[in-house]
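This document opens with one chain alone, in structure tokens, the form predicted alone.
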């Protein structure tokens, strides 16, 4: 199963559990404070997921490693390509 499939299964499971509790089927009576906390729960989870995503992207961006060897190799390739193009008559 792919990661997307795992996430979708998890969301479906949580969503169905939330819907089952929020719709209050006969025989299941939640106390008022629990019901008041349960109804906006998807919005809270969405905001928490957004904060986690921003923090993860920010951390990965701050700790991004520079590849000095790869940059030097790329500069060599660019220089070789420019020399080849100059020999063929292209001016920069």
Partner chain sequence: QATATDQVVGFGLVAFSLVLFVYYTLWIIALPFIDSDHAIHKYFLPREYAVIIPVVAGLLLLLFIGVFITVVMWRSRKPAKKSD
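As the structure is a prediction and not an experimental result, all values here were calculated from the model. Positions refer to the first chain, counted from 1. In this text, rigid core is short for the largest set of C-alphas that superpose within 1.5 Å between two forms.
If you look for the form predicted together with the partner chain, you will not find it shown, but the lines that follow are about it.
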| query | finding |
| --- | --- |
| The partner chain in the model of the complex - contacting residues of 33-48, heavy atom within 4.5 Å | 33, 34, 36, 37, 40, 43, 44, 47, 48 |
| After fitting the core, residue 50 CA displacement of 2 Å or more between this form and the one not shown | yes |
| Exceeds or equals 2 Å, Cα of residue 37 between this form and the one not shown, core fit | no |
